[in-house]
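Taking the form predicted alone, here's one chain by itself in structure tokens.
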């Protein structure tokens, strides 16, 4: 029985009641040329949040010889537009209290914006300017190239970044997901301004575009702004990059030497694709395995009981062409092997014997009870609307989400644990001081 309702659960339930009583209403809005958006009106405050995503335009789609192109292009969009140079453009944003960010993932490019509703026209005109009237000044591009190369040089001294690069290469090999999203010195130098221009017109198009807005805006206003400022985007996506289904190299182990106080260890096991109904079972499993900090199996084994790591956790990483259950911890070099052994032991125990009813009940209570806290601000809700569109989860997802999680059973979780929590499939990549005795199975990966 789910009877262990600690204080945080009670607080979360109190949040849940009014949220359920006032279900989120999502309206679909269309522009004159048929571009679609989801809108949730919230007029209590004169602000709105916006997310605009271009799928299949992320770093994995960069040409092989020009890795870093998507990120360079995203940065160039903020180096001046609409006849303004970078300084004037930033001052224009500040004057109108508009927050703008452009993020690049392996798969997508996402423009995020927060604005006062009185500046709605200005905000959408900025979207038009950066996407269709970016200044793309040669001197700004040259400076960005220098800065990007300098950043790479600095990041090579960061064990977490180096571990991330080596981990991606270990997991994915020559697949685009294994390439460095920031590029290399050579690939950044190979990028030309014409490459950026071609990327912007070929990849940031209306085809596949995902738009969500939450806040002080009406459907009629959003439709008008979309028609005026986004319909002029190129219609058809013509990105040349192709990303096929990845085959992670499960069971691989790598170490990269680096003279740092802490050894960073990244690890992974098979995950479940986001659109697979079993994803929710994996979601609950991850919470108990390593997603719940010190109370999870991994956190308890490595940090809480033995004090071997400064942090230890897991998460689900779902890309378009790969799904992983990933984790990370950092420990002193001399304790790394012991921590890895405890990690394997925790994973093996969960696979062999499953999870207990009590920890399962606590997980369900937390994951459902804390959900309203993830929707208590426009910027949080708009991220969910984006995810719901991006993965075709349906407009009723927010209403159904807790019911779906509550439909997961301990039997489902333990059956999935038996399939995917295999210590033999564990991918391990460490970066830090060389271990005194390296196992014969270990291989060393070079840096990109």
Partner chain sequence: MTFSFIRPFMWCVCLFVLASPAWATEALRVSESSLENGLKIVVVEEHRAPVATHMLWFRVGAADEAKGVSGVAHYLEHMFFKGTSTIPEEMYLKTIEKRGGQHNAFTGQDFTAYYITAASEHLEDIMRIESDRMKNLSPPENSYLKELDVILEERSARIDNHPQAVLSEKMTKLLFNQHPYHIPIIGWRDEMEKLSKDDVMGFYRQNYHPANGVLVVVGDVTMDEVRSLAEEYYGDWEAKTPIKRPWIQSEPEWQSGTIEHHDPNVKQANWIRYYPTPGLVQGDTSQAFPLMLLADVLGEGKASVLYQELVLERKLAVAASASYSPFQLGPSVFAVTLVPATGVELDALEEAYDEVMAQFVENPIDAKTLERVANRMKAATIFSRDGIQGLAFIFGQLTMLGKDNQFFEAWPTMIGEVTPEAIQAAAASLLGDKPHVTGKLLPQKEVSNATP
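Positions refer to the first chain, counted from 1. Since the structure is predicted, the reported quantities are computational estimates derived from the model, not experimental observations.
Keep in mind that the form predicted together with the partner chain is not shown, yet the notes after this line are about it.
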query: Among 356 to 364, 128 to 136, 224 to 232, 239 to 247, which stretch sits within 4.5 Å of the partner chain in the predicted complex, heavy atoms only?
result: 356 to 364
message: Just checking whether residue 46 would be counted as a contact of the partner chain in the predicted complex - the rule being heavy atoms within 4.5 angstroms.
response: yes
- request: Classify residue 84 as contacting or not contacting the partner chain in the predicted complex by the rule of any non-hydrogen atom within 4.5 angstroms, answering yes or no.
  value: no
query: Should residue 251 be counted as a contact of the partner chain in the predicted complex, where contact means heavy atoms within 4.5 Å?
result: no
message: Is it the case that residue 208, even though its partner is missing from this view, gets within 4.5 Å of the partner chain in the predicted complex, heavy atoms only?
response: no
field: in the predicted complex, the residue from 42, 416, 26, 35 that sits within 4.5 Å of the partner chain by heavy atoms
entry: 42
Answer option from 348, 273, 219, 293, heavy atom within 4.5 Å of the partner chain in the predicted complex: 293
query: All three of 277, 339 and 391 touching the partner chain in the predicted complex at 4.5 Å, heavy atom to heavy atom?
result: no
- request: Could you run down 299 to 315 and flag each residue that has a heavy atom within 4.5 Å of the partner chain in the predicted complex?
  value: 303, 304, 305, 306, 307, 308, 309, 310, 311, 312, 313
